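Take a look at this single chain, the form predicted alone, given in structure tokens.
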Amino acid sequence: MKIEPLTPIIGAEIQGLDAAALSSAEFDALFQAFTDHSVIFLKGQRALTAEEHSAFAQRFGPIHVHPASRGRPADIPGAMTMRTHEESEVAAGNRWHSDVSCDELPPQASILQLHDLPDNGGDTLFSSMYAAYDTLSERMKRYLDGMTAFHSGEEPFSHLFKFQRQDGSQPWPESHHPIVRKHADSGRPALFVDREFTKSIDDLPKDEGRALLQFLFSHLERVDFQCRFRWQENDIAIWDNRCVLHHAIWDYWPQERSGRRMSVVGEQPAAWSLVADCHQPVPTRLTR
């Protein structure tokens, strides 16, 4: 197993592992790299079957089923085909977001393997929400301490992607989450808002909340918090939705880009507290 960081802040490429045949020790090392680098890219992989992909994802935790797929029969629960082509009207992931942050239990990890790639383009950007929080002023950190925000799937799912609910009376997920989240494995604080799902800030006047969100969106998308991944066939990307935003760039029309994604259920987001958490020791080694 060879780990090559992409930047000092976020991202690492990993060589020398077979995702479908990891020993327990290899998976422990992989999970540690996932926690240390926030997003990892497994190179030199073969195309996984849907069953292999699901089995690999389940080593991280229970499979997360996307709201648009709930209640629908599926051979492999949670398996999502990610395909953008000449006739697509919208490309999944083509703006900064954390996957399904509107869920009560948003995904911990997302695991994507791309099988078909355009000749050029189709890179994915990832941004560190650890770095986004760490670089805020101390006054802003105090202001955000204890704040929550409202996340909703209604606009992206109903109006952008035009997903159809199995039960028309069942609304898309909506949740209130802390703006500064304590990462369950690393113990570190991370911003937890995104353009796709975060709609307002609780307990602030509408205009004040909108202005604060616009500042946070611009701040967390700074280029010095990012890494950029250029895909090769059958690469696997594994990113931590608890501390990473991502943006899949749609710059390859009319060519096709396609693959499969599995996601893993995460814990209910817990707030980072300046008083309770800032002097607590951060875990240096994790076991899974």
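Note that residue numbering follows the sequence shown and begins at 1. The shown structure was predicted, so the numbers you read here are calculated from the model rather than taken from an experiment.
Here the subject shifts to the form predicted in complex with a small molecule, a form of this protein not shown in this document.
Figure note: of the listed segments 231-239, 217-225, 27-35, 55-63, the one touching the small molecule in the model of the complex, with heavy atoms no more than 4.5 Å away, is 231-239. In the model of the complex, Gln108 stays away from the small molecule, with no heavy atom inside 4.5 Å. With a 4.5 Å cutoff on heavy atoms, His97 counts as touching the small molecule in the model of the complex. Taking the partner from elsewhere, Val244 is found to have every heavy atom lying beyond 4.5 Å of the small molecule in the model of the complex. Contact check for Ser175: every heavy atom lies farther than 4.5 Å from the small molecule in the model of the complex.
Checked against the small molecule in the model of the complex, the candidates Ala92, Met147, Ile76, Ala184 yield a single residue with a heavy atom inside 4.5 Å, and that residue is Ala92. Though the small molecule is absent from this view, in the model of the complex it lies within 4.5 Å of a heavy atom of just one residue from Met82, Ala211, Leu204, Met140, which is Met82.
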